[in-house]
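One chain is shown next in structure tokens, namely the form predicted alone.
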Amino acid sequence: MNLFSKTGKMALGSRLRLFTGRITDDAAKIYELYNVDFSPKWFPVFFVLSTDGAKTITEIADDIGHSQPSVTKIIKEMEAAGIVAGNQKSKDKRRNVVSLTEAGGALAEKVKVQSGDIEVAIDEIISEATHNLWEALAEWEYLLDQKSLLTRVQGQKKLRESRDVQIVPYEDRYQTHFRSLNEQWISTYFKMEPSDSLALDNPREAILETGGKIFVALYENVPVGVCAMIKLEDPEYDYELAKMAVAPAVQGKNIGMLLGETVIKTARELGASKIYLESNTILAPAIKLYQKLGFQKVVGRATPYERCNIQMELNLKG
């Protein structure tokens, strides 16, 4: 169709719905051709009952991948047509099940005949086509089970927006942003502590002049994120990744990842072996970010922060 050549792949859903409608229309006519009074949408439920016998609505829904309300609605329609009987007792008398009626069983035999012809007709299309749609659908279903279309689009959106992010070294003009961005998230979840004020009020003295670095994320030239790597006088760790904060309005644009990657890259360039960080498990997105960056949980270290309940490290030499 000319429309889809113009829209491109973004109209995949619309094209599939149109394609499905086309097949469904033909399916209805095929049932008429074989004098079978049947709605195509009943087929998954009908197939399960005709091959497996009596089942509960929950079992049917699980088998065909539909919701229970959807299956319940179809069952009611099939009951009205005299094909199935609902609220039947199972053999152990403990469950209500749905089963084919005598008329439904007779219908199943008629459907077998037309199914054979349909199978041959579809094989004919497959032999004429360049691509096997049946196998392609199975492959697409598998791939979408691994990662949904929504997740894939979210990833592309984040990647595209991250290209508008610039990570720059700290300058004194960013001090108010360094403080406000950190103060915002700390005050949202916890309370400001003396160690916070020391670093946020005097970042040059507390961090930069002691051998550390601070990075600022600019989105459309506006400071929206910050992160520090603090030089440690520690026999085990060279730097601490700290004071990472991203403005709520721009979260989801990969800014935290870009800041973290910048810290790690810089630490490697400076010959560091290990980076340390402290956080709190209530900050689930942050913990997930650190794990993606390669940090692993450690225990047993002293901390100046009341809010710290998890400590992590990244081995740069491993």
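Only the largest set of C-alpha atoms that superpose within 1.5 Å between the two forms is called the rigid core. The first residue of the shown sequence is 1; numbering continues from there. All values reported here derive from a predicted model rather than from experimental measurement.
The protein also exists as the form predicted together with another copy of the chain; that form is not presented, and the subsequent description refers to it.
For the three marked residues, 19, 43 and 135, a heavy atom of each sits within 4.5 Å of another copy of the chain in the predicted complex.
Out of the listed residues 30, 54, 258, 283, 30 is the one that sits within 4.5 Å of another copy of the chain in the predicted complex by at least one heavy atom. A heavy atom within 4.5 Å of another copy of the chain in the predicted complex is found for one listed residue only; from 222, 80, 192, 129, this is 129. Heavy atoms within 4.5 Å of another copy of the chain in the predicted complex map, among the stretches 30-38, 261-269, 275-283, 288-296, onto 30-38 alone.
Another copy of the chain is not shown here, but in the predicted complex it comes within 4.5 Å of a heavy atom of residue 145. Using a 4.5 Å cutoff between non-hydrogen atoms, residue 154 counts as a contact of another copy of the chain in the predicted complex.
The shortest heavy atom separation between residue 102 and another copy of the chain in the predicted complex exceeds 4.5 Å. Using a 4.5 Å cutoff between non-hydrogen atoms, residue 301 does not count as a contact of another copy of the chain in the predicted complex.
For the stretch 41-71, the set of residues having any non-hydrogen atom within 4.5 angstroms of another copy of the chain in the predicted complex comprises 43, 44, 47, 48, 63, 64, 65, 66, in sequence order. When two forms of a protein are overlaid on their rigid core, residues whose CA moves 2 Å or more are considered shifted, and residue 30 is one of them between this form and the one not shown. Comparing the forms between this form and the one not shown, the C-alpha position of residue 175 differs by less than 2 angstroms, with the core used for superposition.
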